[in-house]
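To begin, one chain is listed below as structure tokens, in the form predicted on its own.
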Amino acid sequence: MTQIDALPPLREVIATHQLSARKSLGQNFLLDLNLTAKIARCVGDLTGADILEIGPGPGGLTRGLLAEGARRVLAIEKDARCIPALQEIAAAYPGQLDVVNADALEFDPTGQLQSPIHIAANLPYNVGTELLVRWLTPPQWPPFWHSLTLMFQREVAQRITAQPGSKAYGRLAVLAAWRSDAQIVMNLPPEAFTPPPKVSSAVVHLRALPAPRFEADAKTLERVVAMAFNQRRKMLRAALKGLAPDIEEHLRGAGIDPTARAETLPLEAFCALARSVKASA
């Protein structure tokens, strides 16, 4: 394996700092620096860009991002055991890496980054979906980030990029398509990780659109979509009955058959329904 910098191989780093992956933190380390560099290149041109990285672990992707020319990386790591290893990377790239020991669900990084900002992460499986929904549904748009390059379980990646009518189509696909262009850019087998997870993984790249494809209130749309797909086998008039007492009128007003099911609705229909519900609130 070729080295992307003068730092030790990741297996050596893990052994030195005794960084065994913890299941409770959703950790599966990607140790092949060729792969982490390839993921970094999926972000696009990193020159002159700040990168927010969540859950860097021993720093494989961090090193890839810096080696590929990132102006600066802000790495948020919950596991305090990983901080010394990340500080060694910071010493090798003076002024380019800042490491924060914090929970990404509770830490606001926006004041510490300068545009253009990209988010890149091998997301811990147990928080990945929640972070993605937060990044896709801020009250103001465009968001603070220009793109997201995120690793998920392959099944989750397929749900993010699914089309209406497909089995994987659901809340994540609707929210992703509303405000971004999303595509799977890389697939990784379980054996690429230490320890190997039970499922395959995939990297999804989401590029923020200048404006949402259709007008809708973010919180209302998220609520409509969550309720619709929470009982996806039910007709919409039943699945959404808790949304509004006159839900059938809202559905018809949005041009939706009340007996339709959520998986058949295109993005535009969900946005029309969200506008109707919001207007009557």
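So that there is no doubt, residue numbering starts at 1 and follows the sequence shown. A quick note: this is a predicted structure, and the numbers were derived from the prediction, not measured.
Missing here is the form predicted in complex with a small molecule; even so, the following discussion is about that form.
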task: Look at the candidate spot formed by 28, 79 and 124 and say whether the small molecule comes within 4.5 Å of a heavy atom in all three of them in the model of the complex.
output: yes
statement: Among 184, 133, 102, 168, just one has a heavy atom within 4.5 Å of the small molecule in the model of the complex, namely 102
query: Which residue, 54, 251, 216, 40, has a heavy atom that falls within 4.5 Å of the small molecule in the model of the complex?
result: 54
- prompt: Counting only heavy atoms and a 4.5 Å cutoff, which of 204-212, 171-179, 69-77, 155-163 contacts the small molecule in the model of the complex?
  reply: 69-77
